[in-house]
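In the form predicted on its own, a lone chain appears below as structure tokens.
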């Protein structure tokens, strides 16, 4: 069978983990209106810190350590933007570049193996032993964290601080005139986004039982594609619907990648496939607009043709009379 359940399950597991990064980008990019390009380095930082703590025998503490590292990354990014007046894109690039060296220092080498390390996935495997979910323990862990993060984000964006963050992204001038400190809202938003990104990196590191210094390369484009796919499918409706759309978009993205790689493509083609999917996803709004415009033109031409035929028939009837 071309598409097997194992293929779909593996794609869903990765898609749900990557959805946490997409949700982080949803907060910083869609809500706060800040282009955070430090995602690649922050993701690897979370994986590196989480791996080192897990190897020392603390797999659960590794999650909190990774989130703490992500908060530090987000704080530095926010400091450059708010205090040093560095543009958001440039600040993200600076942080991302600096994190490469930090990640090397944390790991001590370019790769880490956790084959003999206890992780939250192995703990869940032992917990679900002899149950109907024993074969899907990885998906259960990924879904559990994604649901918790989604609920947290939904509740947080409904608080006064969350509404202030959304207002900062909509109109920063209005926020300043309303006695809301945009420095605080930007810092909090980027710190929470960094925590979510670091958590996702830790989860993926424990999922695949290995961490590589280059594992975060292109992660911001993958998250952006998932975000755009989700918003294209569900539209810009309520926050709850958009959050669900982001998770669904991330899973759909991974399924598309998994199916594309079934066409006997070499492993080196993964980046090319990902780039094509990202390009199509980002172009979806423009493609939908072109299709809608073409349908409108065809409808107008059809109506014009019908009117011309009707006018010709009317003239023919008048002449016969």
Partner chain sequence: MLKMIDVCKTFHKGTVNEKVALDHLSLTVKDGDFVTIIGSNGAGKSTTFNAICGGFFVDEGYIGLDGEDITFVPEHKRSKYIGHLFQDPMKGTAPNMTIEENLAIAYLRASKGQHAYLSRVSKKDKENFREALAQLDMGLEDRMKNPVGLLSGGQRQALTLLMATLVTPKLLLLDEHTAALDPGTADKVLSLTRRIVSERGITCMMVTHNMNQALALGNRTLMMNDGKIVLDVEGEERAGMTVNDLLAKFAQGAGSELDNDRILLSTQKTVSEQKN
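Computed from a predicted model, the values in this text were never measured in an experiment. Positions refer to the first chain, counted from 1.
The next section is about a form of this same protein that is not shown, the form predicted in complex with the partner chain.
Peer 1: Work out which of 149, 215, 72, 180 lies within 4.5 Å of the partner chain in the predicted bound form, going by heavy atoms.
Peer 2: After the contact test, the surviving option is 180.
Peer 1: Which one of 122, 159, 111, 97 is close to the partner chain in the predicted bound form, taking close to mean a heavy atom within 4.5 Å?
Peer 2: After the contact test, the surviving option is 159.
Peer 1: Partner absent here, but in the predicted bound form, which of 216 to 224, 166 to 174, 136 to 144, 87 to 95 has residues with a heavy atom within 4.5 Å of the partner chain?
Peer 2: Among the listed stretches, the partner-contacting one is 166 to 174.
Peer 1: Hey, in the predicted bound form, is residue 127 touching the partner chain, heavy atoms inside 4.5 Å?
Peer 2: No, residue 127 sits far enough from the partner chain in the predicted bound form that none of its heavy atoms falls within 4.5 Å.
Peer 1: If you check in the predicted bound form, is residue 241 within 4.5 Å of the partner chain, heavy atoms only?
Peer 2: Output for residue 241 is no: heavy atoms all beyond 4.5 Å of the partner chain.
Peer 1: Quick one: does residue 233 come within 4.5 Å of the partner chain in the predicted bound form, counting heavy atoms only?
Peer 2: No, residue 233 is distant from the partner.
Peer 1: Is residue 155 close enough to the partner chain in the predicted bound form to count, meaning some heavy atom within 4.5 Å?
Peer 2: So residue 155 counts as contacting the partner chain.
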